[in-house]
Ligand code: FCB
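Take a look at this single chain, the form predicted alone, given in C-alpha cells.
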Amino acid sequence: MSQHQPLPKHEHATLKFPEGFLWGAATSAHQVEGNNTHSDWWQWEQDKPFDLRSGRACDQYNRFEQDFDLIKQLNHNAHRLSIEWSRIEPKEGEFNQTEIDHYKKVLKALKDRKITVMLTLWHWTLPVWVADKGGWENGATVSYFERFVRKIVPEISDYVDLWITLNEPGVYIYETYIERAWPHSKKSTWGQVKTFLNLTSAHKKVYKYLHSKFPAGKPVGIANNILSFESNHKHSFKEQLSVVLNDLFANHLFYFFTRGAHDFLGINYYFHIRFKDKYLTPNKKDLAQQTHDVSDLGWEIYPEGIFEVLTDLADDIPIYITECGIASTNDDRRNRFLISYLQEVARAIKAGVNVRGFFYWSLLDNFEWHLGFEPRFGLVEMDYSTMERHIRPSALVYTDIIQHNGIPHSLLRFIGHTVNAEEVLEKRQKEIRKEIESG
C-alpha cells in the first residue's frame, strides 16, 4: 500500500451486553412522589429553608402514568422504584387500604407497559410513629418492618419481579451518625452498632419470609452503596491499610453479616476515594482538589472504579447496578458519563462478572434529600414550577444503547469533550418527542 494512501476506515463492532440485560432508571418514593406527610423526613424538613423541603417533589404520586409513558418511549425494559411505608401504615398497626390500592395501580401500570419491576421496600424514610419509638436503633423496628412487609407483599407480589429489601444501609448510618445531616442525627457509636445490627436482622427476616411465602422464588437482595478505594502511594503501608479497612467496612461488612440471604447483589456506585499519607480516613481537602473531572456535587468521575468494585464483589452471584449517575446541568457530561461507565461494565462482563442489569440514577431530576432540588441527576429534566418534564439528549443516547443492547462504535465519540450531543441527536430527539406526543 502506498504511504500516501489513507488507511482503510476502521469500525469496531457494537460492544454488546448479554441477552435479557435489564436497562432502566431508578427513583425512590419520597424523592419523586411529593406530600409524604406521614414520614419522618417530611417532619424533619419543616424546620428547613423552603428549597430544602420536598413539597410536591415531582408530583409523581399523581403523574406516574405520564412518567411510565416516558419510560416506555425511551425504550427502557425495567424500572426500579420504592413504596412508602409511612403512606401505607401512617399509624401503628393501621394500614391504609387506599394507599395500598394506589401502589397496586402504580405497579400494574408498569407491568401493563411490559416493564420489569424492581421494587425497594425501604428507601430511608420511616413513618413518624416508628421514628418516635427510636427508629432503627429500636430492636422492635425489625418486627414493625416485617409486619409491614407481610401486609403489603401479598397485595403487590404479582406486579414485582425483583425485591430490594433495603437501600444503602451504610449510607443511612453514615449520614445519620457521622455526618449528622439526616433526621435523628446524633453522635452515638452504640447507636450506629444497634442500627447496623437491626438492619441486618430486618433484611434476613424479610428474605426468609419472601422465600417461604413464595417458594417459586423471585430474587431478593439489597441495594448497597459500594465505593472504590485506592492509595496515593502503593508503597505506603498506612495508605494500603486504609484501603483494606475502608473496603471491608464500607463494601463487605453488611454482606458478611447477611451471608446466605442474597439472590443477587445490588450495587450503587458513585464514589472513588484516595488515601494520602497519614490519613486512615479520606482527607476532605484532597477530595476537593481531585485532578479528575467531578460532578456538580464535587464527586469524582472515575469510571474505572465501577470495574474494580464489580470484579472485587464477583463471586458466582448475579449483580445488578441498581444506581449509577451524575449530577450535572451540562448534559454532554452525562453522555460521556454513560458511555465511559457502561464501557467499564461491559469490560467487567467480559472478565466474567455476572452483571444482569443497569439502572441509571435517576429517571427524573428530583429531591436529593438534604441537598434539596439543586442537584440535577435526571435523564428527564424537571421544571419544578410547572411540573413539566423535558427529555434530555442524554436520555436518547441511553435509548440508542438500549436499542442496540450495547454501545455502538459511533457513540464512543461522546467521550470526547468537543462533541455537542444535542446537535448530533437533534433529529432523533424530534422523532422521540413526536412519538411521545402522538402517544
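Remember, predicted model here, so these are calculated numbers, not experimental data. In case it trips you up, residue 1 is the first one in the sequence shown, and so on.
The discussion below concerns the form predicted together with ligand FCB, not included here.
Hey, in the predicted bound form, does S394 get a heavy atom within 4.5 angstroms of ligand FCB? Close contact is absent here: in the predicted bound form, S394 is far from ligand FCB, nothing within 4.5 Å, heavy atoms only.
Does H79 make contact with ligand FCB in the predicted bound form, using a 4.5 Å heavy atom cut-off? H79: no, not in contact with ligand FCB in the predicted bound form.
Under a 4.5 Å heavy atom criterion, is F377 part of the interface with ligand FCB in the predicted bound form? Because a heavy atom of F377 falls inside 4.5 Å of ligand FCB in the predicted bound form, the answer is yes.
Quick one: does Q31 come within 4.5 Å of ligand FCB in the predicted bound form, counting heavy atoms only? Q31: contacts ligand FCB in the predicted bound form.
Using a 4.5 Å heavy atom cut-off, indicate which stretch of 231-239, 165-173, 145-153, 195-203 touches ligand FCB in the predicted bound form. It is the stretch 165-173.
Three-residue site W299, E323 and E368 fully in contact with ligand FCB in the predicted bound form at 4.5 Å by heavy atom: Per the other structure, all of W299, E323 and E368 touch ligand FCB.
Work out which of R333, H262, H123, H272 lies within 4.5 Å of ligand FCB in the predicted bound form, going by heavy atoms. So the residue touching ligand FCB in the predicted bound form, by this definition, is H123.
Just give me the single entry in T258, S295, N251, N268 that has a non-hydrogen atom within 4.5 angstroms of ligand FCB in the predicted bound form. None of the other options qualify; the answer is N268.
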